[in-house]
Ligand code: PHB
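Only one chain comes next, encoded as structure tokens, the form predicted on its own.
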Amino acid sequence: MKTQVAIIGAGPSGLLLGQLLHLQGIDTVILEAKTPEYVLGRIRAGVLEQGTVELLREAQAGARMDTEGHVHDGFALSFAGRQERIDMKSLTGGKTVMVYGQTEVTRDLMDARAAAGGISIYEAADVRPHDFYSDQPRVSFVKDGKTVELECDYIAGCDGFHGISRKSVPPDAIRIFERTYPFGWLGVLSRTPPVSDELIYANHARGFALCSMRSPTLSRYYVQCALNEKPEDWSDDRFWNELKARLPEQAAANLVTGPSIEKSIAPLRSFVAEPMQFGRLFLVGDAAHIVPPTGAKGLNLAASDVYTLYQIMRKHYREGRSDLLEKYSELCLRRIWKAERFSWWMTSMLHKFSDDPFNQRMQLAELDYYTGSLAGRTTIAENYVGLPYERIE
């Protein structure tokens, strides 16, 4: 079995890369260990940067997003009993974000690939990249009890933080930068109208809270919790009472509660692996970096990796530009570290790290300064809508 680009992982980054390359006439095969239903069952982010939105349109997978997604011009920061709006659209020359669930993005990309006739192999067991430092890389996997060898020109590791791609790299060839945070997010999905038309990020003495949404009838809420807690420790009543306590008075009064339809706790981590290229193996998305979800950057950062690799491969195959292949890590990491910085900053400003009153006052002073300054609000807005993609020339 042969292809030009073997893609490991059928999450949104692998599917998006495969679709973009396929539309350029570049042959791809996507290998996924799980079933399509399992992939679609992952509950993930729902805020798309403008660059991600435009990339989905280019991949011919944006029609339903444009119909059912919700464009947001701003969001709110709540602290010290007040609520300050960050008007992203006016502060960035018209840029916005789209609220549209990652599950729906994945579904749209699956449908687009199927319509285009691209090959996706699900339930591929024991997927392993081989010989990626040579001119003849390959990926082996087991399907229906038979071992298959997929010969290729390049391998894209889009298989997430726990995937085999990064694990296959020699330990002395990669450097890890990591910070773990001493708390998690308890997330609840409920079939209730959102408390606000825009997201609310709350700094409170009891801990962080976030009000988000998936649709006009489906809300997603989060509260900061201890890492040793379990979802079953939190009854619905306990969750709603805690969320109300952390929100501004008006938002708490408007909150519509109801039975949870999904409840989970996620730890927070900042993580970067350098470099992101090893011979003919390229790491993409969560395989190379993780951000705490506070800045809404996870899926969007993966999309910017996809954009970079897609443009490099397009120029390589269509224009004979092999000189760009070695620049993948450099181009990606510039934007990655800026997104890591913003996610770290949002996390540091909005969460309760300790009972130290000095730290709490410093957070409030920082938030007061940034929201009270045009330059500060602009900095927040520019980062939230997404910094420009690196130019590839």
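Sequential numbering from 1, following the sequence displayed. No experiment lies behind these values; they were computed from the predicted model shown.
What comes next is about the form predicted together with the named molecule, which does not appear here.
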Since exactly one of 155, 199, 309, 105 fits, which has a heavy atom within 4.5 Å of the named molecule in the predicted bound form? 199
Exactly one of 281, 97, 210, 313 comes within 4.5 Å of the named molecule in the predicted bound form through a heavy atom, and that residue is 210
Answer among 256-264, 171-179, 289-297, 319-327 for heavy atoms within 4.5 Å of the named molecule in the predicted bound form: the stretch 289-297
Contact with the named molecule in the predicted bound form for residue 234, defined as at least one heavy atom pair within 4.5 Å: yes or no? no
Heavy atoms within 4.5 Å of the named molecule in the predicted bound form: does residue 57 have any? no
Does the named molecule come within 4.5 Å of any heavy atom of residue 46 in the predicted bound form? yes
Is residue 204 close to the named molecule in the predicted bound form, meaning a heavy atom pair under 4.5 Å apart or at it? no
Of the residues spanning 219-233, the ones with some heavy atom within 4.5 Å of the named molecule in the predicted bound form are 220, 222
